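Consider the single chain below, provided in structure tokens and representing the form predicted alone.
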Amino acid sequence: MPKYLNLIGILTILAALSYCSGPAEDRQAGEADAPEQLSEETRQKYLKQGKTIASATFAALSGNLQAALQRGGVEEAAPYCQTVAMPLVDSLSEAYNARIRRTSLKVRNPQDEPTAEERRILEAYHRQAEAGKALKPQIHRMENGEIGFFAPIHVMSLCLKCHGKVGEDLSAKDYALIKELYPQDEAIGYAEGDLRGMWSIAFAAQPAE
């Protein structure tokens, strides 16, 4: 089982990296609504930074989560997400001088509820996914002047232990525990490959180009 989880982690990191593509491909979901377009040099700079931060954050979160699952299954992993994940992301945000978030249209933790801008991008990603289009990361200037990096997060097989269908991938007992921790949870019913949400990484406001 540990070898299997480690393999899942490696494959997931590779999948996450594959979302970051060339300059033409990162212009999509919701970006047409951006107040200002950025130069290609600026876009590539923040695309690279966003890719690095998302990969490092994912590696830190997934490594600790896999260890918790190995030690005690969902019973230990669910409390980890509630008590450790947020502080870890906050510390990485400080280290990278960026605001790192994971958000979704179906949140587990209310703190992950999308902003109006994030919701527009998420809804566009979902429309593209339903149309069978490949989802790519994007960079644009946000309404508050910050530079935003956005990239899709897809469901991997390991995610189903906590986000799958109750009675199939997620046991009723484990989901009862999750509901105790997150009474307003909406983040279940996923299948492998589904669009789970997205990375939303904001960099300090920059002068207009």
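Predicted model only: the values in this text are computed from it and were never measured. Residue numbers run from 1 along the displayed sequence.
The same protein also exists as the form predicted in complex with a small molecule; that form is not shown, yet it is the one meant from here on.
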Heavy atom within 4.5 Å of the small molecule in the predicted complex - residue from 121, 139, 78, 100: 78
4.5 angstroms heavy atom contact with the small molecule in the predicted complex for residue 154: yes
Interface membership of residue 106, the small molecule in the predicted complex, 4.5 Å heavy atom rule: yes
Residue 115, heavy atom within 4.5 angstroms of the small molecule in the predicted complex: no
In the predicted complex, residue 158 touching the small molecule (heavy atom, 4.5 Å): yes
In the predicted complex, whether the C-alpha atoms of residue 85 and residue 189 sit closer or farther than here (change of 3 Å or more): farther
Outcome for the Cα pair residue 177, residue 83 in the predicted complex, compared with this form (closer or farther; change of 3 Å or more): farther
